[in-house]
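Below you will find one chain, with nothing else, as structure tokens; this is the form predicted on its own, and questions on how it binds or moves follow later.
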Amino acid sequence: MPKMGDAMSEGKVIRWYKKAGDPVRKGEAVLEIETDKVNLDLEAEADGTLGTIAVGEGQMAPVGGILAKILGEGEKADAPPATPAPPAAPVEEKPATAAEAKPAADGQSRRAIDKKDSIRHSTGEYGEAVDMKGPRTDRSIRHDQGNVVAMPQGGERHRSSPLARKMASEMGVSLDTVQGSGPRGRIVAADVKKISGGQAAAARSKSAMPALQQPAALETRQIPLSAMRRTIAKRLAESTGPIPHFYLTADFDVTNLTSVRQQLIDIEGAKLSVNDFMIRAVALALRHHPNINASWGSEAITQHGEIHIGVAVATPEGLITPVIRNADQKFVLEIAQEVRALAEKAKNRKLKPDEYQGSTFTISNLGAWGIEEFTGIINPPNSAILAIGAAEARVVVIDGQIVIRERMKVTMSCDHRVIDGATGAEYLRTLRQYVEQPLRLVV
């Protein structure tokens, strides 16, 4: 397993293009591996025959670990490791027959009855309890209308008028639910009509409610960590822990910048974003502030002699920062083309190590997602990262006049071991001049 970056400690085998016993030629792709940043093909280092494969597809291997051996003429492959015998299948216990289970069930029932000789049951929100120990001789049911309905005792027949019985049959009302208001509790037609009206209203209320659409069932699942996600977690922990962050926010007027951008698009027919201008502006401002274009070390602070801007790119597996090298020496159109090419390679995991390593300053732009303002986490060994929000039209006051201007907020996260507050503020003031006077970026 090759070492493809300073932070790489292991890699993952994605697929083998050859199988054991296949002939291979020097320079021929034998397998694909996944590192912390990219996927790449490993080529055979000599002619021969592929021997026993030591690391299967989907498995991890440490840097320097053996993936397979290429055998020369006359060499024999090592014996494959013995496969452990599968564990014996568990013996399935036969369920007890009904005859065997009955005595136990009977015993449990008797013990339960002896232990709980009385069971009390609540009838609802009103809290009346009915003793279930003996036969029930009297009970009551409360309805939504607040009526208490007397239930007949034992097999006692309801006292009701012939008209009430006819109405109850036609309306589908059970006389068990009707409280009689006539002499000696006799149910009359008015009682049935009252109960029927309440049930009809409840039915209408229920039918009037819109049917709720059942949401799709959610699924709990575990997503194995990719090499990229492991590296992101490790590096962010190294950043937010040891590096003392502080933050500076500024609000830039980008009205002129957006106008120049549109003019270049119309003239050149090129795809240009505000971010392309920001990359050049950041790089040019760093030329005036070498103490920002720096890295912390245990013995010294290094001020870099070149300006390489890392640009955060979102991929399905996580964040990666392709690097625009010597960004201060490139025009906006060059930067735009390079950013798009690197972003495409990043999303396909085709970046080479020198295309994502060695940045001296990083920018992250979430303006396309409508984010107005956020803070970034410093990407070691950089000493700062600039978080760029969305450019949007806002009402502002200029020279005592209320006007609408395009505004954009930026926040710089700084490593306080290298950058002091005033140092960072001076850099943002220089950056403002380049952003708000965009002709500086195109000449």
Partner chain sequence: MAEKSYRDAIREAMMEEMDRDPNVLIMGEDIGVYEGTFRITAGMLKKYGPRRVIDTPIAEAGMVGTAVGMAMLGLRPIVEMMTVNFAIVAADQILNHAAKVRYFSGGQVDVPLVIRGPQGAGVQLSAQHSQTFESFYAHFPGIHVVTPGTPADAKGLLKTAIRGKDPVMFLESAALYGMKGEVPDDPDFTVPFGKSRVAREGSDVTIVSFSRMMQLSLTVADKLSKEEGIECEVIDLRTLRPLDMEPAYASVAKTHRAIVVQEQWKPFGAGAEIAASITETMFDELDAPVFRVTGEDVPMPYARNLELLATPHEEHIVRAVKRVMYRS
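Here the rigid core means the biggest group of C-alpha atoms that line up within 1.5 Å when the two forms are laid on top of each other. Numbering follows the first chain given and starts at 1. The model shown is predicted, which means the values in this text are computed figures rather than measured ones.
Just so it is clear, the following notes concern the form predicted in complex with its partner chain, a form of the same protein that is not shown.
Residue-level contacts in the predicted bound form: of Ala283, Met228, Ala164, Leu257, one residue has a heavy atom within 4.5 Å of its partner chain, and it is Ala164. Site annotation in the predicted bound form: the residue of Gly318, Gly182, Pro353, Gly367 reaching within 4.5 Å of its partner chain with a heavy atom is Gly182. Within 4.5 Å of some heavy atom of its partner chain in the predicted bound form lies at least one heavy atom of Arg186.
Of the stretches 329-337, 290-298, 246-254, 164-172, only 164-172 has residues with a heavy atom within 4.5 Å of its partner chain in the predicted bound form. Along 291-312, a non-hydrogen atom within 4.5 Å of its partner chain in the predicted bound form is carried by no residue at all. With the core superposed, Gly367 shows a C-alpha displacement below 2 Å between the shown form and the other one.
Residue displacement note: Gly185 has its CA displaced by at least 2 Å between the shown form and the other one (rigid core superposed).
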